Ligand SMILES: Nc1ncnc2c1ncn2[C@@H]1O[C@H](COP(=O)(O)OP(=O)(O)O)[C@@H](O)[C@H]1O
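Only one chain is included here, represented as structure tokens and corresponding to the form predicted alone.
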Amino acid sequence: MAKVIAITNQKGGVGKTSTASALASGLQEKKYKVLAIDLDPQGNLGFCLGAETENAPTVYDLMKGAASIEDVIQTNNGIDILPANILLSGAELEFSNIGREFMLKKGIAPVMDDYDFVIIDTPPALNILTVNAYTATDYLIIPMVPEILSLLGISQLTETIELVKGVYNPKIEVLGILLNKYDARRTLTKDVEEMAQMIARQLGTKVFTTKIRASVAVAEAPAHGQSVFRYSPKSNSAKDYRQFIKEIISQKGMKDGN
């Protein structure tokens, strides 16, 4: 049975998609079988991983029951992908049926035994798409940048996490807070890191030991159709994401013997 990890923060620009893409690519390089799910109507994760988003069935078709998961899955560079596009933006109004919180979990159920990891990229909002991700996931990773507004975004996640945990998915666990665009030389970085530690304790989790340093390679890699590991293997971000993946798979319950 796959371990499902959702990357989440209602604040945009904190590195959710970069983190999801790096996790999927890095785990695949370690020979894990990975399914990457894009739940953001912007479709950026699918783009980063080389999926077709406009002329093919997407996660939107899967969730509304218009396509099977076998019809939606695309494969590129050894990673299976459920892409998204702008059609998902109407999900809050369109998906109004009873049990709508379980649409994603139901849709991916037939293939859960086929993977080691499922990585979900969520939209920068606390809406029905985010709730679907939380309902389907085992673990949450919360990326943030060392800025006050990014910190506020994390604190507002708590209520939604607790709601989902109490009603839809009691096993959900916050795996940790990941600091992106990290620069230890900045005074603000240290201040925000201390506050992130406080929020982590409130969520019953931690701030990951690994920090992801800023690197232009993260932004450039998708334009070249490559993961950051292939595009710039010696960049700070590639080194940091590799270390982060090691930290993830070494945590309790995350080892599968691969």
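Start at 1 and count along the sequence shown; that's the residue number. As the structure is a prediction and not an experimental result, all values here were calculated from the model.
One more form of this protein, predicted together with the ligand, exists but is not displayed; see below.
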With a cut-off of 4.5 Å between heavy atoms, is I212 one of the residues that contacts the ligand in the predicted bound form? yes
In the predicted bound form, is there a heavy atom of the ligand that lies within 4.5 Å of any heavy atom of S25, even though the partner is absent here? no
Taking any heavy atom pair closer than or equal to 4.5 Å as contact, tell me whether K11 reaches the ligand in the predicted bound form. yes
The ligand contact at T130 in the predicted bound form, heavy atom, 4.5 Å: no
Pick from 173 to 181, 134 to 142, 158 to 166, 90 to 98: which stretch has non-hydrogen atoms within 4.5 Å of the ligand in the predicted bound form? 173 to 181
Which residue, L62, V218, A36, A51, is the contact with the ligand in the predicted bound form, using a 4.5 Å heavy atom cutoff? V218
Which residues from 16 to 44 come close to the ligand in the predicted bound form, meaning a heavy atom within 4.5 Å? K16, T17, S18
